[in-house]
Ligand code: GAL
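Coming up is one lone chain in structure tokens, specifically the form predicted alone.
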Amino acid sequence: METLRWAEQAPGIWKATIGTPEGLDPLSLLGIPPRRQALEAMGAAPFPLDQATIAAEVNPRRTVICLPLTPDEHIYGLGLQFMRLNHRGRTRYLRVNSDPRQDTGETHAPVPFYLSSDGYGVLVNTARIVTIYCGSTLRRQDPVEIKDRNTDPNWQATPRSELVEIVVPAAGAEVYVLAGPTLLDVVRRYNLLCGGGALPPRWGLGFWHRVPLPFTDEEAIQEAREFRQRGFPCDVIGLEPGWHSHSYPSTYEWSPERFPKPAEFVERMAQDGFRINLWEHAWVHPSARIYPRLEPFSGSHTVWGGLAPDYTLEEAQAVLKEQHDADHLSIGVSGYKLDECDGSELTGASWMFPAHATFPSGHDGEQLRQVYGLLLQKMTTDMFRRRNRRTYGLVRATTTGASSFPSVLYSDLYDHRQFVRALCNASFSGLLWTPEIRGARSAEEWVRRMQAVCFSPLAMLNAWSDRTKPWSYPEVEHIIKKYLQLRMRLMPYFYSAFARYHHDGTPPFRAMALEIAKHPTPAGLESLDADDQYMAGDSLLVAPLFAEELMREVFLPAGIWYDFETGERFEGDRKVRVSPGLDRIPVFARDGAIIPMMPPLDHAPQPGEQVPLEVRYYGTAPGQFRLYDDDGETYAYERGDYRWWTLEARVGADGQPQVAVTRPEEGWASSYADIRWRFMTTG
């Protein structure tokens, strides 16, 4: 074992190079510079561990990195995990996999980045499959209490260890250590290291509806128009595989039978306020026009008989970008759903190029599979950036460095509790997740799923197979409409949260562990592993209910909290029991919360369109909200074309609320017009 030499890369971030790292790694693949100004603003922090306790050993086959653990340390992160938040005592095999049904670490988006409840993070920058032993191994010199399984009921298969071992199957790796002091500080530093969080277009935060697989252009138009006729908001219509002339593998070309005039179709939808999102995957059909051009730049194995292009090569990227720009972006398509870029090992249903596949770049199948989703995200984002148009879409696989890409993860798995847990877990690793709704066994489950969807990074009904619609259960249609409209009303609040994600790395939706202070109270410590509630922005705590639940317990952090709808007051730093009824999801606003809300429009405001605001103020504590304002669609904000409003409120000595608004300078083309305050509580 050798100790590592650390070099500070930015305030609170250090890197060590072990052995000879391979040429392919996510951070260099992305080529996105860290947001240094924001990192500088966070300030310096000391190295969070004793450097002498971190060691590594290298041989031609693997690199092993060892780090210490304290007895009560919790371990979070490691990507989009469905089964648990705290990985202490577990072994995690971080392979991309479309069917993460077991608690092994395999998932759509494995990220070899873990966070410690002691206030630091560790990242391994590699395209290899990393195995992390999170306190689940004992070296010969480690002290251990040996128990007799025959007589001791406390015997455990995995002895408690105070050691993390990270195994990289390569002769070297880059390792980063990120300081806190809080877990949220660690996450912010990670996101800023990766270029800052994604800022989607405003329309991306509206409601999405994906139509059934075989739909034609006219069927899609009629489905969209029914939203307008019924008064349900919707911004995006997603087309599934049927829009292709051939799919599985795919051509990326419009079906002449189902979509004979694609430009006219996209324009007709735009006139009604709908954006178009296209499903696709990476495997290229032999009949595709781009097939001959991509063949020299593709791997040794096919997927479903389609080419697997080597998109680490600029030549391959150029072919796909040129075709997509000409056939899709030029007629107004707004984004993509990047499906099945993960692969599966389910018995009898495995698919994907194998780990031993070879590619023209010299990389192998293991490496390409780990980063394939990331490559697709980068290419599609680059295409829209060249046209100065922001995009927002979906992806089914990604890894380290995905923070700055406007893509939201999803899955064909469908357990509602796991979906909420995944939403919490995503926030540790710079990921976004949608608990999309497809179908339900009852009207009650339909409501509970839709309520959670509306408090997530992307609110979507995916009707590709179930043919469902928001009004599929007429007896609860009014509740569904209420929450779709609430999603639209909260757009200024959520859009400002995403702006913070971009500018300072704060996740817009995040686990409770990121809300708890560095030194929590006993009640707060108990809540660190809460996986069924989360923060939506800085001021709202969301606690979904699940089918057949009439009540639940919610942990409220220290301070005073208020029911979002009624203004009922609750003491924090404890669990409270709530029974809200089917028509409500428990949402709590912290004392001093300021929540800007707009009218429930049927689609997002267009650039230059002004909307009035209702600003809610909760409690009596002094509150401040920074309201983000830009054109909502282009990259002009990167040139400084954005402004922050400051909304402030407090209760004066006379017991009356006092408010103040700091507006942008005269002449700024604002998205917001009149402001009306609503005081939800007075105590």
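In this text the structure is predicted, and so the values were computed from the model without any measurement. One-based numbering along the sequence shown.
There is another form of the same protein, the form predicted together with beta-D-galactopyranose (GAL); it is not shown, and what comes next is about it.
With the partner omitted here, the stretch from 336-344, 487-495, 138-146, 112-120 that lies within 4.5 Å of beta-D-galactopyranose (GAL) by heavy atoms in the model of the complex is 336-344. Comment: beta-D-galactopyranose (GAL) is not present in this chain, but in the model of the complex one of Y562, Y483, W279, W283 has a heavy atom within 4.5 Å of it, namely W279. Just one of P586, P233, P596, P241 comes within 4.5 Å of beta-D-galactopyranose (GAL) in the model of the complex, counting any heavy atom, and that one is P241.
D412 belongs to the set of residues with a heavy atom inside 4.5 Å of beta-D-galactopyranose (GAL) in the model of the complex. With a 4.5 Å cutoff on heavy atoms, S527 does not count as touching beta-D-galactopyranose (GAL) in the model of the complex; it lies far away.
Although the partner is absent here, F546 is not a contact residue: none of its heavy atoms lies within 4.5 angstroms of beta-D-galactopyranose (GAL) in the model of the complex. Taking the partner from elsewhere, R396 is found to have a heavy atom lying within 4.5 Å of beta-D-galactopyranose (GAL) in the model of the complex.
Each of L213, Y248 and W464 is positioned with at least one heavy atom within 4.5 Å of beta-D-galactopyranose (GAL) in the model of the complex.
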